[in-house]
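A single chain, nothing else alongside it, follows as structure tokens in the form predicted on its own.
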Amino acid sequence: MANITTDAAKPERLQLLRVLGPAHVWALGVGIVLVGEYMGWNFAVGKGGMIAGLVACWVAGLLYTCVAMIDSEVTSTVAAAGGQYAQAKHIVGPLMAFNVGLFLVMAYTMLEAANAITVGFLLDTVAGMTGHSGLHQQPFIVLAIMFLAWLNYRGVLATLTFNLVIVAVAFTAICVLFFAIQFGASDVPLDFSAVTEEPLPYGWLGIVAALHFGLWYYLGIEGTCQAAEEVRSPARSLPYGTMAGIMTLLIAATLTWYMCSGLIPWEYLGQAGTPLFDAARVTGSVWLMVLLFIGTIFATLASANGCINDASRAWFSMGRDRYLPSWFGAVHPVYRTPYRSIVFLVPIALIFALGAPLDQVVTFSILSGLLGYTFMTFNMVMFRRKWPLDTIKRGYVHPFHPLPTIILLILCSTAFFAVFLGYGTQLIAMMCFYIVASLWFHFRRYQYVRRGDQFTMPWPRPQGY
């Protein structure tokens, strides 16, 4: 009787609210990624020329299509906050789960910093066009991050509804620019002579090197998994939102390459800060410039907004499972958000946004993402082996297994080599960082983890155990 009384006296653990639908999942995934069409992808052109940039666009699209299919199957089954981190702790083990959680947090936090840098750069560019050069970018960088952190603090439904609206505007801006160019709104005609005159200025190796920044077109679509604990129907919403998101991005990426490569010389395009906005400037149309300025600002804000959402969910989940101090696992009693994790990650994003160059921040995010995608290949194989199709109910079953897994592993290995060609020192430094973090977890933090509390899925015993 005493035990019953004690259990009843325990306060109910606050949970995240289940208020999201497929459209919010789409807005989260596309919102994080669409900024890649507005900036960053064009460094691939600088690495290998226009043809290399197009090949990188489509090869990276294949890589992320595999990521989206694998994530849709596993996350619609493991419907918990933390996304790939939650998958790893259920399927692989604690050390892998800790590393995957860290990959997610660093990838999204660095992407958030890159977005804030782009906001400051764009405002400085526009100020220079109007005769007010020398704008101080830092206050706008800080303001953007602080405002979006406050929005995330106040509730996930408002946050992702905001994303839904501004992502729709940003995507529409790309489509409007494309049709306007096709119907003669540009003073400068499309010119693809560089494709035939200088198709591969750095040879075939340039195609491999370009893959590094080709990932930027799609980096972050896997963030839809972070909403798994806050959607009303994970088995339906996550696959629909994720697959619709990758299709949207494939269209936007191809249109972006086509317009920018046709309007901007590849030598300039390869180092431009805001290529789509520059393409609108080349057209000579004021209304297109205004539209693409709005689209760029909205895309960067949507991406940073989604990154704060996803990074905080991964950090919160690790705190809730005691992989990190349990203080981070708190849920706000009114807004039902992981408020401590949101606040804690703000200064980290600000440090990188204010003190690191854009290409370095982009590379840090890409490398962390690549490590997470490499994990997915092993995770998917183990998931199918431990729980075959007829043993547990899945919201989505991706076709042609294990072909997408094999393709993903090959493309990830190629992308690592591409990064090494241009940023070998940073690649080695990051690997050392994750090794040191793994050692810290194994020797210092693992003793606090409660292994029995982690397994929340009502699954049968794995095959072979």
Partner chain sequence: MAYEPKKQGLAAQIFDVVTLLVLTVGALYVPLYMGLAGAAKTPNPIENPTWEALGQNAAEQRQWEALGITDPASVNDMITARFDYSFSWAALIIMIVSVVGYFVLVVRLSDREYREVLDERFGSKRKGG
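Everything numeric here is computed off the predicted structure, so don't read it as measured data. Positions refer to the first chain, counted from 1.
One more form of this protein exists, namely the form predicted together with its partner chain; it is left out here, but the text below deals with it.
- The partner is absent here; in the predicted complex, the one residue of Q271, T161, T172, T254 having a heavy atom within 4.5 Å of its partner chain is Q271.
- Partner proximity in the predicted complex, defined as non-hydrogen atoms within 4.5 angstroms of its partner chain, places exactly one of 42-50, 400-408, 60-68, 23-31 at the interface: 42-50.
- Not displayed here, its partner chain is approached by G355 to within 4.5 Å at the level of heavy atoms in the predicted complex.
- Contact annotation: S193 falls within 4.5 Å of its partner chain in the predicted complex, judged by heavy atom distances.
- Using a 4.5 angstroms threshold between heavy atoms, G184 stays clear of its partner chain in the predicted complex.
- Interface membership of G155, defined by any non-hydrogen atom within 4.5 Å of its partner chain in the predicted complex, is ruled out.
- Residues of 419-436 placing a heavy atom within 4.5 Å of its partner chain in the predicted complex, in sequence order: F420, L421, G422, Y423, T425, Q426, L427, I428, A429, M431, F433, Y434, I435, V436.
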